[in-house]
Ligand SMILES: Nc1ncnc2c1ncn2[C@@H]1O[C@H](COP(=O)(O)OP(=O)(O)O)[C@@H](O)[C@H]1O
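Here's a solo chain for you in structure tokens, the form predicted alone.
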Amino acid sequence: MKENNLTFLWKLFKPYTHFMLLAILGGIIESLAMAGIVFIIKNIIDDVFIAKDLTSLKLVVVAIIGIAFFKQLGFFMRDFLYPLAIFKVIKKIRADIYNRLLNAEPSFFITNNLGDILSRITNDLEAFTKTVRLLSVNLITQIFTVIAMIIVLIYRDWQLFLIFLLSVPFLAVSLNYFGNKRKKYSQRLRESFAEFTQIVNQILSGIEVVKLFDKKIFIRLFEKINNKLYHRQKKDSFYETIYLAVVEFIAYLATAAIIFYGGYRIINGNLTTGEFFSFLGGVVILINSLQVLQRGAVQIKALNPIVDRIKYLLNIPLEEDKGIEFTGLKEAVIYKDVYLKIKDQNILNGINLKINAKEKLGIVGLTGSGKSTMVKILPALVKNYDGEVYLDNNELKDYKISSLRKKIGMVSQDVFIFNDTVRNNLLIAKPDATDEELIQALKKAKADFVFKLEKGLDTVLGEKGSRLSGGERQRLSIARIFLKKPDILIIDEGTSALDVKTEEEVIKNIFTEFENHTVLMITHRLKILEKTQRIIVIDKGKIVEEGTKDQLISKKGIFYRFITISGEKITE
């Protein structure tokens, strides 16, 4: 594993070194118990079975019971305390990743797909937990078991031990070759798991679309990804299995040589039966321990790409919440030659606009014209623009982000509802709101349906608000705005799913509540635009028309054509 990954792991586990040291102590105790078992095999065979000594039999039984007790004590210390340290590390990693995602730069979510992020959080963390636990549980004991067995074997018969040493170079070659293969296919396997998670997430998120159209394309895509995952799993398993088979074959060859040479010496009277079986038992344990160690070494190489993928999430670029405190708009919002490119696509192409404080501005444009992107700049949901955006006398980027978002509210066409209660879905706007405040906000948003739910404010709304209609979700989102009472309110098609009567009542309440606030309305509804003081028309990232409703209609330009096509009744 790369040094930086070792340093990373050390930093993770450092706070829990006391658990690790106790687990290591348990591993040492267990290893010594294993060595004790090998050591007394000679006495069992020579003193009990061959010499038929009753006293020796009693001592051997007591020794076995004592060894068994200490072995299990060591096992408990190792198998409980080390995993406990791992679970604490994983808990911290989960919390760190969650906080990173909450505070990540918005651009991160544009350049990274959701499926890959979810795969890293779920599949990779699970693989990390499993691999590190497997390594820790086995390697601690096996390292000390190998040391203890080597000491016992050399003590028993150094000549037989030399035969065993001849197999070590072959084992090392096998480790290096198959370890590199495992590392390669482990990385590819992680990538395939990410693709698999992504497609499943897409299908579940868009299940209605999937059901309404031909499923063949989805099935073909899934089969392609599923087959790739299968083949990579097969390769990964193949190299691990064949490695173990080669190692075991080498071990059998070494054992056969030891049996031949040991048997020869027993026949010639140079070695007792007890000594030989004690040595042979030690060799079996030593080979098993070496196999575990070598398998662990292969796992370490497989762990490397997993650690890299987790570290990627732990190094997500964070937003810096520093700068001037935004306390509310006093004079105007000014866009000066604002350009924006996302993934080589020009979104904004020279926006110049002044929005006076407390002004009610209507924004119109075709889908993809850049109108939503333009307003998302204000709460710093889009940042990497060229040009300047001023809120009063300071450029937007000079303000503290948290203060901007505290004073700027936004209602979008696509509303996100958490799988939680109505109450908690509202409290994100004002955590200290009373029930009376929640009820009043719901009434202003015409979200009276909440009061008919079986548990009212404490009704759980389901994944993405699955229990609600599109209009109900929008009204709940608008209720949040009435609770938050932002200084600058942005409504981006936020009433599009409402019926005409409900929309008129909600808009009336919004304009009443935010009479002394700045309101930006992205809408295609002429009835709403009539309530605004000024309208701008955006096309291909540029403001192409500007004026009141009557002025724009009289021009009979883009706005006029747009309203005509939409079927709205024009009254001049």
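Counting begins at 1, following the sequence as shown. No experiment lies behind these values; they were computed from the predicted model shown.
One more form of this protein should be noted, the form predicted in complex with this ligand, which is absent from this view; the next part is about it.
- The partner is absent here, but in the model of the complex a heavy atom of 373, alone among 373, 167, 174, 192, sits within 4.5 Å of this ligand.
- Think of it this way: in the model of the complex, this ligand has a heavy atom of just one of 347, 333, 146, 313 within 4.5 Å, and the residue is 347.
- Interface residue remark: residue 110 is counted as part of the site for this ligand in the model of the complex, having a heavy atom within 4.5 Å.
- In the model of the complex, this ligand stays beyond 4.5 Å of every heavy atom belonging to residue 119.
- Residue contact check for residue 368: one or more of its heavy atoms lie within 4.5 Å of this ligand in the model of the complex.
- The shortest heavy atom separation between residue 342 and this ligand in the model of the complex is within 4.5 Å.
- Listed stretches are 242-250, 157-165, 359-367, 402-410; the contact stretch with this ligand in the model of the complex is 359-367, by a heavy atom cutoff of 4.5 Å.
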